[in-house]
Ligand SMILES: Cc1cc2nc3c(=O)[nH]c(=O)nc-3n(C[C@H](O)[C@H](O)[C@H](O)COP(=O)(O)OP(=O)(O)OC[C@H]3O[C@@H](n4cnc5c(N)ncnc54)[C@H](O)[C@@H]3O)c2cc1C
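The chain that follows stands alone, in the form predicted alone, written as structure tokens.
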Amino acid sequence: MINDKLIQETISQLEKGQVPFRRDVKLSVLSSFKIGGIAPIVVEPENDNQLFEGLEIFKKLDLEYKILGGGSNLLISDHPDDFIVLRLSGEYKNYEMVSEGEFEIGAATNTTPTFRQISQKGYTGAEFLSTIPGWTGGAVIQNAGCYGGELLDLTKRVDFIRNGNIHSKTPSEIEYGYRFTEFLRDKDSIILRLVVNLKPGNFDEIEASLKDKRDRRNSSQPENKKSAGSIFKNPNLKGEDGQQIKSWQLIDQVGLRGEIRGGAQISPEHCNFIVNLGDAKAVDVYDLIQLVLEKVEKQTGIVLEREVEDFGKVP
């Protein structure tokens, strides 16, 4: 736990450096799970200068920090009081077309409306991203995708901070794959923005594609439930019928559909989702995740890999 003296010193340094911040923030309101305790300080830089100033303060005071985006793929600790939360704001929430079909998109933009708006401008290829919740920076980190599309396949450049400097990489210079990038593995970078390259398309066809993907998403996920999306990645395995084995099928097969721990439940509608029934704690979700991992491995021999990440100490 960060003590009061260090909190006050941090606040003093942030005020002196004119870096925006908030005190005693309920992280549950920043999470699609609606789970998470109170963070002592959330630092919200609005541009690169403020971000570098904040990082210098963290270094000077030897403060651990964690980066929080849209909170859509995270299980946030019930007690996030031993680190500072960094959350981009200001100019990082903007996007613009920098040339024909090329869009520079801030890491703090909301993925769903941003890519829907870009698509509706008459550019095609990114319609699938209009169904993915969260922030664009997080979508980069996990190489978000669905319906046969992946973000890094559309990306021209990613700008990020690593070791105190701004770097730019093209996808050919980034290690990435299915729901994976080097940023997810190494956790030593802060995504700032990216540039995507899209082709002009037919407006009617784009609208039809947007509707089709929205309908498919709505029909395959728990409706109006608080969740963090898919809990597990699909294993890279095929069944006897030659079809890819899906995580939800394995969870259903071992009899865990609808299982409840505390205020959390494995969704009866789609059992690769865990939903917050109203008062779930992070530890409730964690217990269900562990139950799934143990039971699926014991009964099928398949080791599932988590897609949802812990944010702070959960168990």
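Residues carry their position along the shown sequence, with the first being 1. No experiment lies behind these values; they were computed from the predicted model shown.
In what follows, reference is made to the form predicted in complex with this ligand, a form of this protein that is not presented.
Shown alone, this chain has one stretch from 186-194, 94-102, 165-173, 205-213 that lies within 4.5 Å of this ligand in the model of the complex by heavy atoms: 186-194. Gly145 is the sole member of Gly145, Gly125, Gly90, Pro235 with a non-hydrogen atom lying within 4.5 angstroms of this ligand in the model of the complex. Put simply, of Ala228, Ile118, Leu152, Leu198 only one has a heavy atom within 4.5 Å of this ligand in the model of the complex, and it is Ala228. Taken together, the three residues Gly17, Pro45 and Gln50 lack any non-hydrogen atom within 4.5 angstroms of this ligand in the model of the complex. In the model of the complex, this ligand sits within 4.5 Å of a heavy atom belonging to Ser72. Contact check for Glu9: every heavy atom lies farther than 4.5 Å from this ligand in the model of the complex. When this ligand is considered in the model of the complex, Cys271 lies well away from it, no heavy atom lying within 4.5 Å. With a 4.5 Å cutoff on heavy atoms, Gln249 does not count as touching this ligand in the model of the complex; it lies far away.
In the model of the complex, the residues of 127-153 lying within 4.5 Å of this ligand by at least one heavy atom are, in order, Ile132, Pro133, Gly134, Trp135, Gly137, Gly138, Ala139, Ile141, Gln142, Ala144, Gly145, Cys146.
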